[in-house]
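Next up is one chain by itself, shown in structure tokens, the form predicted alone.
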Amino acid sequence: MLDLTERDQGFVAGEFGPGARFAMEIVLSAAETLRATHLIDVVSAHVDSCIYNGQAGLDFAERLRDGGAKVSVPTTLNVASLDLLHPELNQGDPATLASAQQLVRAYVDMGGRQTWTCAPYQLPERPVFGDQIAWAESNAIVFANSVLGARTNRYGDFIDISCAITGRVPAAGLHLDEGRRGTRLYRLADIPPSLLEEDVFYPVLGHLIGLSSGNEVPIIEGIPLSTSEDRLKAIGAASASSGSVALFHAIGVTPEAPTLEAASQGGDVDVVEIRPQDIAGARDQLTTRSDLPLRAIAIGTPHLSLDGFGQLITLLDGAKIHPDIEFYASTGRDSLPELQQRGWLDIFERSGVTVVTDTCTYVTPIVKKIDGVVMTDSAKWAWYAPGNIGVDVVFGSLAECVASAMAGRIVRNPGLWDGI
């Protein structure tokens, strides 16, 4: 039997309107499924159900809104199904785009902040260690849990906005200490030190962990103590795409894993050694074929950070993208003022780089040329794009992506993967 507060009971009784009552019914159903005994407060929410996936999602959102529902905690909105700032980039069916616009309006009407980013942790106001939150979007969830030490379950469409409206979540899973115990140790063995200094290693590592971790909470041993947030982001995004990882610990790197003992909460762990041949196999899985002409480059999945844009500026070095190649860099709209201030938007325009906001190019039909291959440095993009937009993918480093874009063909760094 769930122990409900007076406010919870008010939601059930319809005191906050029929939309809010409907939202609480969903939260309570989730709590029953998770065998939670009570609900807990959250300080923020991130909503993924603003992506248009069909009429049912629109009907659901409009039922909440028309029933007077409003979010009760600060709520950011995930990517939409179109670039709202650059509508000329959207190539979808007009009727679908119109429905996507309706869905966007419904979530804004309910009080969602128009962030339209899959990387809300890159915003200035992000959760801090120990915060209880209700986040959707798989890469955002794993980053919040793992890198920030905030606490959220892997919330999906419909329950995300329901938690935002009620401000409540089931007291279960990753919200609780026991649910956060690391149970499987991934130990890097004989990985060349030079490879650990390459950004491209980290999405491949995450992809491998996601494929094999199942419902376990992974612990990673052997990555450098100085591993950056962008590299941790890459691990999380990949492992949450190829698998269902919502939390990982990296010994000496992430906040709940100063030691193996702390990460495992003193419990036993399964040990899996990751060797060079394992990394090579995972890397190769991210390329569907490379014998077709290169048509486009897609980076920024999850959304590109300012540090990522800085790397792109350095690699471009004022050069221009080959005229036969499309180059897309996806980011959140909140990044644009800083890019403008630094003069980078002008550089990208001169170079032939198209900055996409509010959506992701593996979600929305923006890439025009899909009759060849698209190259990406994102394991998440490589994992989802073939099914979502029907394109073949070549995976590579950011430097390889830029060199290929300039040359108009796939360019490899032959020494990049030395030792595996």
Partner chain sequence: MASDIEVLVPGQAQGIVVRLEEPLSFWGGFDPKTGAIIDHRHPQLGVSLTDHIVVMTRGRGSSSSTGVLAEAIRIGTAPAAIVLREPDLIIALGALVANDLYGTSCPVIVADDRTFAALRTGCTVDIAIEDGAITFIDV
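Numbering follows the first chain given and starts at 1. From a predicted model like this one, the values you see are computed outputs, not experimental measurements.
Another form exists, predicted in complex with the partner chain; not displayed. Remarks below refer to it.
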query: Among the candidates 259, 277, 226, 215, the residue which, in the predicted bound form, approaches the partner chain to within 4.5 Å (heavy atoms); finding: 215
query: The single option of 89, 286, 174, 185 touching the partner chain in the predicted bound form, heavy atom within 4.5 Å; finding: 286
query: Interface segment, criterion being heavy atoms within 4.5 Å of the partner chain in the predicted bound form, picked from 65 to 73, 44 to 52, 351 to 359, 365 to 373; finding: 44 to 52
query: 4.5 angstroms heavy atom contact with the partner chain in the predicted bound form for residue 37; finding: no
query: Non-hydrogen atom contact residue 137 with the partner chain in the predicted bound form at 4.5 angstroms; finding: yes
query: Residue 157, heavy atom within 4.5 angstroms of the partner chain in the predicted bound form; finding: yes
query: Contact flag, residue 240 vs the partner chain in the predicted bound form, heavy atom cut 4.5 Å; finding: yes
query: Interface residues of 359 to 385 toward the partner chain, as seen in the predicted bound form [heavy atoms, 4.5 Å]; finding: 362, 363, 382, 383, 384
